[in-house]
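Only one chain is included here, represented as structure tokens and corresponding to the form predicted alone.
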């Protein structure tokens, strides 16, 4: 390759060549201005020699520049290759990222659909559970109401039975009590009559009511006429008859004695 081809291929070499030649021409111009022909001839030879040397230096500089340029090109190519690779890698990563994002979006859509479907399923389950629970509550309420009604009916029936039983027992007690009262009143009246002393002066048809107070033993505590017959002697004889008849037969039941026999009224109308 010639120098000029090198310069065409490497424009920077031209700049260096121009600078060196300018310096050489300046040196030649200075040498021509000298008045001594010998000196001028000597200087011309030196200049020619310098030019030859300069050309070798130029060639050397050109070679250096070529090497530097080659290194630069290699470096540029390496950088370009790295840049291309980096760009390629970046595009590859971008494609991967886009693929990942696309997959993520697709997965999000799938997940969203699944979520909607699952929410609907759960909502349906919850609705059915509520319906079932409402039915159970309704049935339980009906059962409770039925149970309460049956319990009330049973309670009313038992109360009626108990009431009938109480009424029956009360009636029996009353019948027994009335029988006991009749029995002991008859015995008391009979005993009073047996202890009464009749006088012809009393006449007939006289009736008085005596209030007799008894002790639990049947002993007479007091006997007083509370409703007179109109005949004082007859009334007095009735009181004395009650006192002489002591003690009276009384019921064994303390309650019945306290209620009916501790203080009792006896209608006294003996007949002879």
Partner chain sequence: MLRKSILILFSWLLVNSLAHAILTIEITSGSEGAQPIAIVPFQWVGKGTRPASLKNIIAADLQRSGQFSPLPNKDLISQPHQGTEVKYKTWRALNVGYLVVGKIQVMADDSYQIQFQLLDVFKGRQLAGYSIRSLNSGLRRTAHHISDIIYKTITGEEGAFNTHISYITVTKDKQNKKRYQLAIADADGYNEKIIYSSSQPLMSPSWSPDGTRLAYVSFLNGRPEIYVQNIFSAKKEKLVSFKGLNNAPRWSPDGKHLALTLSKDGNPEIYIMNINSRKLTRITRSYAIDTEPEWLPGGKGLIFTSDRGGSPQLYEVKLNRNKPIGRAQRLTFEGNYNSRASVSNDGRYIAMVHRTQGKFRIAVLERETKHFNVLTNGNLDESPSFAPNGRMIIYATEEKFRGILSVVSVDGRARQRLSFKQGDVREPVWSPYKINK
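Positions refer to the first chain, counted from 1. The model shown is predicted, which means the values in this text are computed figures rather than measured ones.
Below, we refer to the form predicted in complex with the partner chain, which is not included among the displayed structures.
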- Item | Candidate stretches 184-192, 132-140, 91-99, 74-82 - the one whose heavy atoms come within 4.5 Å of the partner chain in the predicted bound form | 184-192
- State yes or no: in the predicted bound form, is some non-hydrogen atom of residue 244 no more than 4.5 angstroms from a non-hydrogen atom of the partner chain? yes
- Task: Look up in the predicted bound form whether residue 197 has a non-hydrogen atom within 4.5 angstroms of the partner chain, and give yes or no.
- Result: yes
- Determine whether any heavy atom of residue 176 comes within 4.5 Å of a heavy atom of the partner chain in the predicted bound form, and answer yes or no. no
- Task: Look up in the predicted bound form whether residue 237 has a non-hydrogen atom within 4.5 angstroms of the partner chain, and give yes or no.
- Result: yes
- Work out which of 201, 168, 119, 144 lies within 4.5 Å of the partner chain in the predicted bound form, going by heavy atoms. 201
